[in-house]
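In what follows, one protein chain appears twice in different forms, each by itself as structure tokens: structure 1 and structure 2.
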Structure 1
Amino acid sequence: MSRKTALLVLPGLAFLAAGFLVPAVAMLVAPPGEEPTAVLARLGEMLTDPYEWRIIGRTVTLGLIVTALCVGLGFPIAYLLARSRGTWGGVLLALAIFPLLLSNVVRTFGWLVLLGANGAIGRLLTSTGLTDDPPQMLYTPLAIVLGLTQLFLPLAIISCYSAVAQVDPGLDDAARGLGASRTRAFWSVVVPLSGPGIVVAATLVFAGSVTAYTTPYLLGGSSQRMLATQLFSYASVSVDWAAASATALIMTILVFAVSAISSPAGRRGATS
């Protein structure tokens, strides 16, 4: 029976090859109407072009800031949720997970209402007399950082939550019984034991941030291009297949590199 059972994998595998693997590889060696070496040649050009480096730099920098914010805010939330009991804990946990079901488009629209030229924050600043001329907030790196943090915070919370929930609360009590302060117990017991969860959270958030499209498109506009919005522009506006494929390659390498660096750290914790 087992040998026949193994055959059940074939339809899925064939589909995966046709709908994903083959096109993904073909994209790198054979963009429509281009030489097989076109993508690599274009990649070489890009890596000597300061304009491209600004986009790569912006993407990585904003990705790192968003990762720091999501872990910095997500870990305390996960910690409080894991240690809280009763109805409130459940409601707050549901409120943190719920956005994962909700469209990114819907979630990001709110920042337009808040940060736009006629937005709530600008009007608040003028009506309180703090400034007559509210600063430009939309289409800035700040807007992208806020939008991406909103988007990926739930992911950071769940990753940290499953790690913190596995740390026995008795351990913080023990550390405190041995004379550690609450802060010390948190930093030298809870955080290290949740290390792998934090690594997973950071990896997921970073990978998500550097590949996100909707948020940089709506909140960054064309003045704050990131790799994803630049890729779309190459593919649909300038129809430069080699450039689009090369940008896709840069994005993919970035994500794979981060996963490769972080996965030993994440795995070490998972088996211990």
Structure 2
Amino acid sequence: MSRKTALLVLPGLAFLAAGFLVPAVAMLVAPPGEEPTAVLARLGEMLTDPYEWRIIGRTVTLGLIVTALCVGLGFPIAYLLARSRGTWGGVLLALAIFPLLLSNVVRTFGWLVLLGANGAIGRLLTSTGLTDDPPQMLYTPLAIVLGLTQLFLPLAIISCYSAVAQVDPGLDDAARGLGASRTRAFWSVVVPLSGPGIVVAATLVFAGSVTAYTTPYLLGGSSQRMLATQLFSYASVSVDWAAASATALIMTILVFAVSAISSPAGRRGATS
């Protein structure tokens, strides 16, 4: 790195350190009014509490389900977008990106309208005679999964699209010319070569799902606590800063662990 480049990067790094790294480390290690050892002590208590483990397990489980859904739904859409030609390709890509322009709260309130006791889905089920009373779909794991999947699906599409777009379409034609069906060419050529993009998409979606707050809070309520909503409860309701920092530390460890696992997978996909 040249000296001029270092001088250009230095202000941004200083701003990042002052505005993010220092406050984050201080909150994780020594929150206001707490001893430095209080966070580790509270973390030890939480890791021996079955209730906290249920919250951790629910967060990881729902995060994995949302990740699988987003990647499974997003990759075929990304493939369609990358192989679309002319004006339609740009229009479809804009439609895929458009949800990112809306607030998370707005998109989540849409699910409140759909999944509520008097919502559109409940009225449809009762009007068709499938059920006598509207089913309780709000404040369930299903509601959280639906909301988070809608929230992060555009992100998965964009991540996969950037990878699929770099795969030469001529490789598909070559595989079919050698006798492979369109489906086999897709699974044997496109998917392996798009591996790094799939890994990036999965990592981003999982990290976002386990740290999301608004959607689990509105759709899950207090009966379906996740780590982010538990952190908010510790920080704003019980004002237990040590517990809040310990919860944030668990979330940070989960994200870093997934990143550490996914990075080698992405490198292997890039060199395969």
Partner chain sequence: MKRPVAATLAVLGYIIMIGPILFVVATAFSAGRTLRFPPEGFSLRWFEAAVTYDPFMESLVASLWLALGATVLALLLGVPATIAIHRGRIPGRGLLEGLFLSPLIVPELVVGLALYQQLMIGLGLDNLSTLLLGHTALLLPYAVRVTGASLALADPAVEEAARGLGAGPVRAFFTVTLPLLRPGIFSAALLGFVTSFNNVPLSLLLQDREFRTLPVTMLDYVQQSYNPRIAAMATLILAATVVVAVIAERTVGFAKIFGGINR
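Basically, rigid core = biggest C-alpha set you can superpose within 1.5 Å across the two forms. For numbering, take structure 1's sequence and count from 1. Keep in mind that what you see is a predicted model, and the values were worked out from it rather than measured.
Chemist: Of structures 1 and 2, select the one representing the form predicted alone.
Modeler: Looking at both copies of the chain, structure 2 is the one that matches the description.
Chemist: Does the distance between the two CA positions of residue 187 reach 2 Å or more between the two structures, the core being superposed?
Modeler: False for residue 187: its C-alpha shift is below 2 Å.
Chemist: Indicate whether residue 89 shows a C-alpha shift of 2 Å or more between the two structures, with the rigid core used for the fit.
Modeler: Yes.
Chemist: For residue 11, what C-alpha shift in Å results between the two structures following superposition on the rigid core?
Modeler: Residue 11 is displaced by 5.3 Å at its C-alpha.
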